[in-house]
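To begin, one chain is listed below as structure tokens, in the form predicted on its own.
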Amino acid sequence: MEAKRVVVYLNQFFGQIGGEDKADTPPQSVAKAVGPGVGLQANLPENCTIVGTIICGDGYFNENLEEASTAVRQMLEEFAPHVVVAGPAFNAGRYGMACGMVGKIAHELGIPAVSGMYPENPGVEAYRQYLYIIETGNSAAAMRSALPAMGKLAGKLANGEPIGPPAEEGYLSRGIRKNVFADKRGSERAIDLLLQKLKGEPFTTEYPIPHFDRVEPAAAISDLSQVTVAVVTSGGIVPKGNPDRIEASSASRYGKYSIAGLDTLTAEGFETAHGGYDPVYANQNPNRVVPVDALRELEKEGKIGRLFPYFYTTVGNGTSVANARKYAAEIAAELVNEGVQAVILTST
């Protein structure tokens, strides 16, 4: 069989450069397999060889998307691979977004790409149409099961072999429909599936229904004059300089900041870290996202009992559902413990 070239993309951690302290590392490359790439090589067909590894810090890629993309594109052109493997990223949001963008760049260059992600990684929804994403567990503990599946699929793509449906190959649905010929027409297939379901037999639907969380709204508060109100935002408002380095996309953390004694948020003291909307108006007047000025007026008028002396903030842009749930649980527990009875949630 003809020899095939494989290139792997890794973040700073799996690329063995360092941890979060090296998240600002610009793209670089080495002409060999590194980290998970060594294990991946063992799961590739004999004619497929990893000829290079591209490594970039998660922070750098997401905060300097244009520069990082340009550098990665140039490196891929130089390596000229037959297939690109990005990750696996599991449920790491920033890593998943970077892997997805690498897959999109490869797609634009006419190179097939494979990654591995947990279904709730934001990179799945953002980039699944550009590359094949093997479904993985939530953390790197699932590495041993992820690499064989990724290696098998990458080998097929490199060798131009036909790719089966998601359930057969282990990748997440790409949202792409293909016309196929079936032995039975749709009505007959539907009845067969229904009978299997009624009998308790295993079956696979041809069109899975998306699942969306449904949250029942809390009862309305009839009198706010005795209530402590807090503000929680996904609009990314932070003290000037973003002291906790909340990411512009796929946030891995949230912040809690004091507004005690403040009648308003000023442009000199606060700004937005959000990378998903035009920051000009929020930076001019941060109260447009965290309305401290309006709430102080309501407090003075006695229409609310008290404004909680801290606000909580993160960036909603690309942040995974799993992380959002985690932040919400932690913030809610603290607010309940502090006697807060109402929360105003602001977005962008």
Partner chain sequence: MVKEIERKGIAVVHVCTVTPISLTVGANRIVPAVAIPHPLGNPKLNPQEEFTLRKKLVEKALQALTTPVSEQHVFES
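Numbering follows the first chain given and starts at 1. Definition used throughout: the rigid core is the maximal C-alpha set that superposes within 1.5 Å between two forms. Only a predicted model underlies this, so the values are computations on that prediction, with no experimental measurement involved.
Omitted here: the form predicted together with the partner chain. The next part is about that form.
- Using a 4.5 angstroms limit between non-hydrogen atoms, residue 17 is distant from the partner chain in the predicted complex.
- Heavy atoms of residue 32 never reach within 4.5 Å of the partner chain in the predicted complex, leaving it off the interface.
- Proximity of residue 216 to the partner chain in the predicted complex falls within the 4.5 Å heavy atom cutoff.
- At least one heavy atom of residue 287 is located within 4.5 Å of the partner chain in the predicted complex.
- Put simply, of 278, 183, 268, 201 only one has a heavy atom within 4.5 Å of the partner chain in the predicted complex, and it is 278.
- Checking 262, 224, 80, 195 for any heavy atom within 4.5 Å of the partner chain in the predicted complex turns up a single hit: 224.
- For the three marked residues, 125, 232 and 325, a heavy atom of each sits within 4.5 Å of the partner chain in the predicted complex.
- Only one segment in the set 174-182, 160-168, 87-95, 141-149 has residues whose heavy atoms sit within 4.5 Å of the partner chain in the predicted complex; it is 87-95.
- Residues 289, 291, 293, 294, 295, 297, 298, 301, 303, 304, 314 are the ones in 289-320 with at least one heavy atom within 4.5 Å of the partner chain in the predicted complex, listed in sequence order.
- Once the cores line up, the CA of residue 327 ends up 2 angstroms or more apart between this form and the one not shown.
- Relative to the superposed rigid core, the position of the CA of residue 167 differs between this form and the one not shown by less than 2 Å.
- The two forms, fitted on the rigid core, differ between this form and the one not shown by 2 Å or more at the CA of residue 219.
- Relative to the shown form, the CA atoms of residue 128 and residue 320 are pushed 3 Å or more farther apart in the predicted complex.
- Cα of residue 318 to Cα of residue 20: at least 3 Å shorter in the predicted complex than in the shown structure.
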